[in-house]
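There is one chain below, alone, in structure tokens, taken in the form predicted alone.
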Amino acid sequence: MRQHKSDYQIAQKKILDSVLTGEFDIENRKNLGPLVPIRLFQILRMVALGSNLEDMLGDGSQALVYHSGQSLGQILGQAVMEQADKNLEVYVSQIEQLCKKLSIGLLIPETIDLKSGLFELRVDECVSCAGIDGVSSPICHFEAGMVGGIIKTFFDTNVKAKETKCNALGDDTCLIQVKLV
């Protein structure tokens, strides 16, 4: 029996296929082109995905934003897994390139401790919090989930990821700590 794909799944496949092939030209955008301002992304991320979920779910909103990021991380991880041939260094390098190409941020490994199952990755120039300040706690739950999803995909195990530094708090970078569980 063939399962019906949702419209979101169809759109997701088209978007991911174009990213992986490096095709960024967009039909019906001949005047505006394929890029949007970072502030538009931040409005979508912080208002539509963040504030509105917080209004509806309260404290549970952060978990939903994290889960959304984790889903993206798993999709990105699966997209490069075959070319990486189970080589962590190659995998991380391809993920770094993909995150840069998509302007998510500059993903930089800080700590990779396979023995303890601890990973720390920086997200420099983070798309969600760039130019934002005055917050009281880290706000990049989406990126924490994404990085967690990337690690989860490679190791095929559950992870716990947490943002321990955030540019919006005045830190120089966003630092995501991931622990294999």
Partner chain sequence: MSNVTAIDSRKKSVDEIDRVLRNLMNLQGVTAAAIVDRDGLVTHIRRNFEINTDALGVSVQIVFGAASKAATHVNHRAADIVICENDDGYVLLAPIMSGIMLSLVTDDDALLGRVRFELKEAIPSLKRLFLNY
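Everything numeric in this text was worked out from a predicted model, so none of it was measured. Numbering follows the first chain given and starts at 1.
One more form of this protein exists, namely the form predicted in complex with the partner chain; it is left out here, but the text below deals with it.
Contact with the partner chain in the predicted complex, defined as a heavy atom within 4.5 Å, holds for exactly one of 131, 37, 58, 33, namely 58. When you look in the predicted complex, the only residue of 21, 158, 9, 164 with a non-hydrogen atom within 4.5 Å of the partner chain is 158. Although the partner chain is omitted here, in the predicted complex none of 93, 94 and 101 has a heavy atom within 4.5 Å of it.
Looking at 66-74, 114-122, 23-31, 42-50, the stretch with residues near the partner chain in the predicted complex, meaning non-hydrogen atoms within 4.5 angstroms, turns out to be 66-74. Looking at residue 153, you'd find every heavy atom of it more than 4.5 angstroms from the partner chain in the predicted complex.
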